[in-house]
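Here we start with a single chain on its own, the form predicted on its own, put down as structure tokens.
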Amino acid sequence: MAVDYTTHDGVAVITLNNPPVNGLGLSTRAGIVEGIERAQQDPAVTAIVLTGAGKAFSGGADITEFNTPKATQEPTLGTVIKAVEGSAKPVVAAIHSVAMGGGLELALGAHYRIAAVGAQIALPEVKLGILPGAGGTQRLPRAIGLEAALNMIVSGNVVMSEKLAGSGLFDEVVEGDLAKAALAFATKVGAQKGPHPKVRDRKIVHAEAQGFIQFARNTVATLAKQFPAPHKCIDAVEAGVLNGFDKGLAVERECFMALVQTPESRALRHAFFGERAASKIPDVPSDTPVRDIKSVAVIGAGTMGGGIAMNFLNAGIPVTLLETKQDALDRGLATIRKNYEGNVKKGKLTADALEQRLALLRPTLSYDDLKNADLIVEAVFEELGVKEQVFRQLDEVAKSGAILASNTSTLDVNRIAAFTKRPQDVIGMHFFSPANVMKLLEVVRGEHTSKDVLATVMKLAKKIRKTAVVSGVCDGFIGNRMVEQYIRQALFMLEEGALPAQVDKAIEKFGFAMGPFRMSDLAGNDIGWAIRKRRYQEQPDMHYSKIADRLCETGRFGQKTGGGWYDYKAGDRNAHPSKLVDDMIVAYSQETGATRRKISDDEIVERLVFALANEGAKILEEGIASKASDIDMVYLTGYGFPLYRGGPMLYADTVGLYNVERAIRRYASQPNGDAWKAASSIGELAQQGRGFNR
């Protein structure tokens, strides 16, 4: 049963029981209405308590029913709230732990609300590109005031129940036994004569309502210009302020239906479900036993190793940090402390928490100190010979059952595993820089990686607050393999007529956080140079523009050398177009016989994004990624792809794979066209009228 019904001394208790967060699926909604009606018909019942079992009052809509007929089947949430609000006997919502989205809207339909301290209260629908669709935009302003409500609705942020104690949302906020307090409160109001108060009947009182609404519009226009949902939230709230509850509710419904159809909402919902789907691995059951990770070791105290260590320290896991030389170890420890001190200054961390985290860190110069670690992460120089030395030593000192992980970004995890006698315990954990900030973790599954090792690392990723995506073994895995084709196209366009600033501006206008040339300058152009040198030996048939090599030959490696594709000034991280580099590009085109032409911003965007999607399709065909949404999660969380476009694979779906294939054929017939070979699945899916995600 999704809803339990009991009675206690004249009080009916309707308990939502749909784990894990009491989502308001069809059976739950129907159960609530049945419970309300049952209580009306029982003369012994004087009041009703509506509450949730387990870990939540209600987290809102049941996500398992999204995009199914059940999501809109009667009783809808609006119908449920009408039944609650229309009850002749008072309904008391007893809220603990979580009341979000539809869960909060349901509580707002009750006559009274009582909450436990520490309950998380939110209307987060805007984060899915929609707005509260069951009266949230109308009732919350009447409960807590226009300004506080609009801030919550437009941001989608969580507010703790105790901060709303005096707002009019809650009749009581209790620290003790919520169930006992709710029964006592219900008994009291059940003895009172009706009618009982309804939030919908309250007035929205604000001295300068229109002025504040305009201020909110201006703010949203600046901070969320690519997202339509916050603007529609304001429209719905304003309608309720100007025209009353019922007309406001009608506008809310119109806005909700319009937003559901937008590409931005589709992208946000895709990202929401994609993040959850990433942890589901087709051949690894959810009940696969996992290994206990009580202590971690990190090899390498450089920028990456220190950042990796911080992830585990933040989660309360002791870390042994190994370096080969004392000065390198001291620098690494100083950087970790400096990063934490920066968080203290920003108010993100207390001084006590800083010391607690550093107390979990044990520096060492000896491999012997790694013998008790449950997980060892290697973060040394990206060269196979160096990795070999490390893993052969680990094989000697690590205890049986320890997981041995490499932070490699491109190297063959199977070859690394072969340096040990325990390849089943070896896995790739590719963190992204800065590792203590970036959400993405590529989990690279080797040929012999055991299922329990994979399950353990995926579970651990959640604990350290990473979005983990599983990749098979190939050069560059998912993210870097795709970005190589993206960079190839960017370099070809320099040969053909574009300049770095134009390419970067075009793709940044599309929504990328940073264009390919600013990104290369930040990461270091010498990194890409090293990869290309390896390519020239391993894949001599792959056509590459040599223009980036020429840049590197002059020592312009990016920000760290004061110049790369752009010029940089001391103390200024802004990229300034370089006449020297622009002249070098034009001269290179002349030397190679390339005819420079005007390249439109639309072409720049198409070539860069379709290069990503095309390589992503090949990755799916090869089974390197198990689903298209995994690829999108890599790009949304690790490469600055615009969230409101949903990732390269969803964007290709949005454009239509028929159109993507036509564009690839067109570019294949132009100069440097040998870099384009459409993945076979693009044409096949296009013929079926399908996309990567449907």
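Quick note: we count residues from 1 along the sequence shown, nothing fancier. Between two forms, the rigid core is defined as the largest C-alpha subset superposing within 1.5 Å. Given the structure is predicted, the values throughout are model-derived calculations rather than measurements.
A second form of this protein, the form predicted together with a small molecule, is not displayed here; the remarks below concern that form.
What is the one choice in 90, 516, 528, 102 with a heavy atom within 4.5 Å of the small molecule in the predicted bound form?
The residue in contact is 102.
Could you spot which one of 487, 609, 236, 130 gets a heavy atom to within 4.5 Å of the small molecule in the predicted bound form?
Contact residue from the list: 130.
Since the chain is shown here on its own, which stretch among 32 to 40, 60 to 68, 660 to 668, 643 to 651 would lie within 4.5 Å of the small molecule in the predicted bound form, judged by heavy atoms?
So the stretch in question is 60 to 68.
Please state whether all three residues 54, 121 and 185 have a non-hydrogen atom within 4.5 angstroms of the small molecule in the predicted bound form.
Contact check failed for every one of 54, 121 and 185.
Within 4.5 Å, heavy atoms only: does residue 375 come near the small molecule in the predicted bound form?
No, residue 375 sits far enough from the small molecule in the predicted bound form that none of its heavy atoms falls within 4.5 Å.
Indicate whether the small molecule has at least one heavy atom within 4.5 Å of a heavy atom of residue 272 in the predicted bound form.
Yes, residue 272 sits close enough to the small molecule in the predicted bound form that at least one of its heavy atoms falls within 4.5 Å.
Going by a heavy atom distance of 4.5 Å, is residue 568 a contact of the small molecule in the predicted bound form?
Output for residue 568 is no: heavy atoms all beyond 4.5 Å of the small molecule.
Can you work out whether residue 494 and the small molecule are in contact in the predicted bound form, taking contact to mean some heavy atom pair no more than 4.5 Å apart?
The answer is no: residue 494 has no heavy atom within 4.5 Å of the small molecule.
Against the rigid core, is the Cα displacement of residue 659 between the shown form and the other one at least 2 Å?
No: residue 659 shifts by under 2 Å between the shown form and the other one.
So with the core overlaid, does the Cα of residue 62 end up 2 Å or more away between the shown form and the other one?
Yes, its C-alpha moves 2 Å or more.
Any CA movement of 2 Å or more for residue 71 between the shown form and the other one, core superposed?
Result for residue 71: yes, a 2 Å-plus shift.
How does the C-alpha distance between residue 259 and residue 64 change in the predicted bound form compared with the present structure, closer or farther, given a change of 3 angstroms or more?
Residue 259 and residue 64 sit closer together in the predicted bound form.
I want to verify one pair: residue 64 and residue 257. Are their C-alpha atoms nearer or more distant in the predicted bound form compared with the form I supplied, knowing the change is 3 Å or more?
Compared with the form shown here, the C-alpha atoms of residue 64 and residue 257 sit closer together in the predicted bound form, by 3 Å or more.
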